[in-house]
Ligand code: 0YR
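Only one chain is included here, represented as structure tokens and corresponding to the form predicted on its own.
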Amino acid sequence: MKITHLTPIILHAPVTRGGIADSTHSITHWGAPGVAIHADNGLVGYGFSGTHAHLPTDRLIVQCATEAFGPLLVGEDPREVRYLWEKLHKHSPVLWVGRSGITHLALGAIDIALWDLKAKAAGLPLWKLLGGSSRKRVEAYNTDGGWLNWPIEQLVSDCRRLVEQDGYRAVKIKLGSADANEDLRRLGAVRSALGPSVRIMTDANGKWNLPLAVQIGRRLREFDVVWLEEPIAFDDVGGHARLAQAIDTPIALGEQLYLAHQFRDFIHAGAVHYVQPDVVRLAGITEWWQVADLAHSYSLPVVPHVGDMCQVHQHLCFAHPGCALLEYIPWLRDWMRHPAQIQDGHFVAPEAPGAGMEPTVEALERINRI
């Protein structure tokens, strides 16, 4: 089994109700720039990154994947994934221009596609190839009702719908309003509507400085919040460590970290309690697994950020012992042949061979319109 060629793919899927916002971002579409890796036996592996659907930068990602990395893969056996990851990761021309960012996103898309090919060649869903079990329970928490641009009435209504109609027992809402007291009012309204048994996660998307994070963070215990996610600047290890000592609510982070050693630094500093590696920010499944093992060795729960919109991460959660909870956002649901399925607030183990990232025929046809 040998790789013959790579083809670029860019998908742009509309988000909920035409536009969502958190404290630092506002988007109308979710981007999935990636690659299809073709093998000489007719199998095709698919891998994607996750972006804010900015076409110029999405093109840079797929160009890096197909033109900078692609020639290094042709003729190789795609099943030798970890060897190929090392080969590409240490490729000096790419390493010289970037050890994270676009080059890392491109490598991540390739790595996912290689694992997809490996699982398809074995005739197994990825979670089973990695040693997982369908008997494992992976709970879903839903983020898609808690956006900061929702009026408080809509925020409460959506969170109640997710719990009462859709069966979720955990939801996440965004913080970081211009008036911090408004965040507390919104959080209080959601807690009052959902009652004490539903878990609530919060996410400030790096909006606050340290004093404000301490001030607001100390109030979160009033609402029995599971975690405070990305409260301050994403790379500030020392600040998160000081915040963790100052408040009772656990800290979650990881979606903006690109390298395994960045997670190492946060974990060693006691600056994170819920570790959120993202397979599309890290350089794919190979590096994601390193981070998950590290967190698990510190008895820290691994709760992936869902930059792939649940597709690959659901496989990883069924496979890795550190994972029991996964974010759910459905934006790519209609774009994938085998989308993530939720029943009674839990993920259903996928049955199709591969990593779950194969686009529908209709999705592939839309590429030419971008």
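Just count from 1 along the sequence shown to find any residue number. A quick note: this is a predicted structure, and the numbers were derived from the prediction, not measured.
Below, we refer to the form predicted together with this ligand, which is not included among the displayed structures.
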* To do: Select, from the options 26 to 34, 66 to 74, 316 to 324, 339 to 347, the stretch whose residues sit within 4.5 angstroms of this ligand in the predicted complex by heavy atom distance.
  => 26 to 34
* May I ask you to state whether L11 is within 4.5 Å of this ligand in the predicted complex, using heavy atom distances? => no
* Asked: Is W289 one of the residues lying within 4.5 Å of this ligand in the predicted complex, judged by heavy atom distances?
  -> no
* Asked: Does D158 reach this ligand in the predicted complex, with heavy atoms at most 4.5 Å apart?
  -> no
* To do: Answer for W147 alone: is it within 4.5 Å of this ligand in the predicted complex, judged on heavy atom distances?
  => yes
* Sort through R186, K172, H104, K128 and report the residue having a heavy atom within 4.5 Å of this ligand in the predicted complex. => K172
* All of H52, E229 and H305 within 4.5 Å of this ligand in the predicted complex, heavy atom check -> yes
* To do: Quick one: name the residues from 178 to 197 with any non-hydrogen atom within 4.5 angstroms of this ligand in the predicted complex.
  => none
